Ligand code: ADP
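Shown next as structure tokens: one chain only, the form predicted alone.
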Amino acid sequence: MNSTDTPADRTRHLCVMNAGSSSLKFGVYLPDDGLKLWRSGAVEGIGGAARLRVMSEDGRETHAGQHTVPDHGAALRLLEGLEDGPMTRGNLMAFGHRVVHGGAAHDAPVRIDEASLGRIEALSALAPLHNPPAVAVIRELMRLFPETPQVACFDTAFHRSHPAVADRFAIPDALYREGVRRYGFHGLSYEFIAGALGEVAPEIALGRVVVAHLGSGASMCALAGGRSVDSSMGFTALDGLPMGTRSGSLDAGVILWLQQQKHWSVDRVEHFLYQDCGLKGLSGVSNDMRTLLASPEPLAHLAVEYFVYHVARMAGALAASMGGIDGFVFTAGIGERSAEIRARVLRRLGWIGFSLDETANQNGGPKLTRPDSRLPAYVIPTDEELVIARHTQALVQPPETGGLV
């Protein structure tokens, strides 16, 4: 078959949706062909003049253009209207979704119904950039494809294996029972890395590994035996590392001060912490690491060094939570693409036993350390959408039945 064939010509297909605050990424997978990716792309800039891009399995651009897209529902209707697009009806068997916050009720992917969707929607205040657009996409797909199953896969679920000391805040137990706890995020990414380690770095796959998911949203995870035992993020996706526009860890007293002394409203504080802080706020230049690395501005230099410092600092904390460290992995946008950031982090971690191989790092790895390094470090591209596709297939096409349930 050539790349112009539709999924209906070839096999059944499932569609993965990853909704952000102003974007909708997607991938179309062929379950009967080993979950091969057939189409991928995104609508970016939702809320105004948005850019559509659709890529074929061989990397060819099949659709591109600018469109007025006021909301996520309009983005879905745009995709539905594409010939050979991600929502070709044919043998469409299911939709899988990335849902950032699953709360205490969800420790595994679920088939979406009104009850589970209501629980997801109720968590919107804890993930205001992510849960609301995911809910909007799910509801619109219920309208457009009422008979097609949908599956929610949660970024928090992978971290439910944390011990109590890593899971709780030092607050009254009654609040913990209400769900005020450290959830951790980017779990779909860490789940992929945990599985990929067996092939890329088998010598550390079952050991104590710190994984750094470094992108516009950034976090780190302690993997012991392939399971999450601690994470840099907590109750919300604001915690931990400084991010593109999010503050990272912040003394709660700062929030009290902003409200009491500057008389900021809750909404203003929320917007500030999610949109005006992090690398953007510290540098006053940009939230894009590439721009900051190229900038001559002193505050841009400070923002980069601040980011590197806190990644290295968190690596030490997560190693302590595991009683040691056997390896380190970089992933996500900055982790996969910025040799400069990887080098700076590993130089700061030289005292632990990482000896950087400059040439391997510049070439993108996968192994980044010298043969004589006491500890190995790797860069492994993540694939959250593939993890979602696997979970979706498992829920709607159980192997014992071979068909939809």
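Counting begins at 1, following the sequence as shown. If you're wondering where the values come from, they're calculated on a predicted model, not measured in any experiment.
What follows is about the form predicted together with adenosine-5'-diphosphate, which we do not show.
> Here the chain is shown alone; which of 140, 288, 121, 297 has a heavy atom within 4.5 Å of adenosine-5'-diphosphate in the predicted bound form?
Among 140, 288, 121, 297, a heavy atom within 4.5 Å of adenosine-5'-diphosphate in the predicted bound form occurs only for 288.
> Just to confirm, with a 4.5 Å cut-off on non-hydrogen atoms, which of 109, 128, 240, 215 contacts adenosine-5'-diphosphate in the predicted bound form?
Contact check passes for 215.
> Residue-level question: is residue 333 within 4.5 Å of adenosine-5'-diphosphate in the predicted bound form, judged on heavy atoms?
Looking in the predicted bound form, residue contacts with adenosine-5'-diphosphate include residue 333, since a heavy atom lies within 4.5 Å.
> Is residue 369 part of the interface with adenosine-5'-diphosphate in the predicted bound form - any heavy atom within 4.5 Å?
Residue 369: no, not in contact with adenosine-5'-diphosphate in the predicted bound form.
> In the predicted bound form, is there a heavy atom of adenosine-5'-diphosphate that lies within 4.5 Å of any heavy atom of residue 338, even though the partner is absent here?
Contact with adenosine-5'-diphosphate, yes.
> May I ask you to check whether residue 136 falls inside a 4.5 Å heavy atom distance of adenosine-5'-diphosphate in the predicted bound form?
No.
> Using a 4.5 Å heavy atom cut-off, which of 314-322, 170-178, 69-77, 216-224 contacts adenosine-5'-diphosphate in the predicted bound form?
Checking each option against the 4.5 Å cut-off leaves 216-224.
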